[in-house]
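Okay, so here's just one chain, in structure tokens, the form predicted on its own.
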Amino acid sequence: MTDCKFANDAEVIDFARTHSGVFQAGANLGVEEIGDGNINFVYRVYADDGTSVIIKQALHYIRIIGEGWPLSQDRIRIEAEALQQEALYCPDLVPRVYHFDAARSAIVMEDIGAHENLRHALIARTHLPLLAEHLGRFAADTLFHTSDLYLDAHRKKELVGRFINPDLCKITEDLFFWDPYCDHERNNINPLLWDEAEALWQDAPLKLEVARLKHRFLTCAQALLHGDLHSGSVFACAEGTKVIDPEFAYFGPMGFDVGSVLGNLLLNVAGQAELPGDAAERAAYQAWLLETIAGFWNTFAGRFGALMEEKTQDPSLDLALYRDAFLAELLADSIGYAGTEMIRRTLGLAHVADLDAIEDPQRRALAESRVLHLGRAMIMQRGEFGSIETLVAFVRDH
């Protein structure tokens, strides 16, 4: 671990000028820190003509806490290599990596400033006509092409070794599958929700199913996951979508990534019921979100199934019956992991603005309670829905 932090703006600018290859010789450059995340430092370096790049630097500790919470700097290499892997199959859906510097634990990459943070866009009730198709294609292409369905055994195991990511996986293991199910000091709970939280901590059948989902997360190295595919890791506009921040990337169960997308869209569905604004407008946006959920899964499943049919390398896996069974199991996994995302965003450490932006504590508690009940039902009944349309109908009815 090294303290490689840029000492001043001049060092950041020099790094960008040297390693991006996008600025004109002699261009006057400026820099601003734009990171609002918890872990890393993020800078935008820009020229007078509008050209700009992003620099992301990982130090040996969590940014908002300091050296009291050490963290492996190898995460920035993992992020750079994950972005490069994703770009092999979805180059239009990830920022381009210009340079990775191991000594400075920093990436220079494309600035996607024309896109808006998806979480903010959803809260503002922005309609994004390409979102479902783009996210479905991203998940299908990245997950299929890094799985045993496509890779030979040696290449797959080589990649698994390159993406061993214990520090960040441990964060996920705790925040998703442990903290929300006990009275943990890291939890952040609306006092009006305390009775429901205590009831959940005593819910043995739920904790059994969460244990099963956690064990799959620990042991099922199906494909290279983004690992943190929530709404804050997606930037979107009417014309396009970009997926960023795969520093949690590792080989795990495909349903974790797919479920993270489903869970975050459902968090916004629940939040819209109590967020400010005209009731009819909020209801219409909830309907659009549910259509987007169905469109995302159907795009994903259709494309993934087609890739299985066209490109599966192992003849023992190249069976129509296996394709159907695989996608059915993947839907159940995804619904279960979506439920864990929803519960941890309500009771755990890291909340989301979809709910926290509801200023009235009583109304926020109503939305949070709906999230807990829906998340529990999705975990417990994940194998019973059978189709995304059944899940959407269940959400609509509840």
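Note that residue numbering follows the sequence shown and begins at 1. Keep in mind it's a predicted model, so treat the numbers as computed, not measured.
Keep in mind that the form predicted in complex with a further copy of the same chain is not shown, yet the notes after this line are about it.
Across the proposed site, Asp14, Phe41 and Leu130 without exception lack any heavy atom within 4.5 Å of a further copy of the same chain in the predicted bound form. The closest non-hydrogen atom of Ala280 lies beyond 4.5 Å of a further copy of the same chain in the predicted bound form. A residue is said to contact a partner when one of its heavy atoms sits within 4.5 Å of a partner heavy atom; Ala114 fails this definition for a further copy of the same chain in the predicted bound form, lying far away.
The shortest heavy atom separation between Phe177 and a further copy of the same chain in the predicted bound form is within 4.5 Å. Under a 4.5 angstroms non-hydrogen atom cutoff, a further copy of the same chain in the predicted bound form lacks Phe100 among its neighbouring residues.
The stretch from 261 to 269, 294 to 302, 104 to 112, 323 to 331 that comes within 4.5 Å of a further copy of the same chain in the predicted bound form, counting heavy atoms only, is 323 to 331. Here is the short version: of Leu218, Ala273, Ala238, Ala87, the single residue with a heavy atom within 4.5 Å of a further copy of the same chain in the predicted bound form is Leu218.
When you look in the predicted bound form, the only residue of Leu290, Ile123, Ile78, Cys169 with a non-hydrogen atom within 4.5 Å of a further copy of the same chain is Cys169.
Of the residues in 133 to 158, those that come within 4.5 Å of a further copy of the same chain in the predicted bound form through at least one heavy atom are, in sequence order, Asp148, Ala153, His154, Lys156, Lys157.
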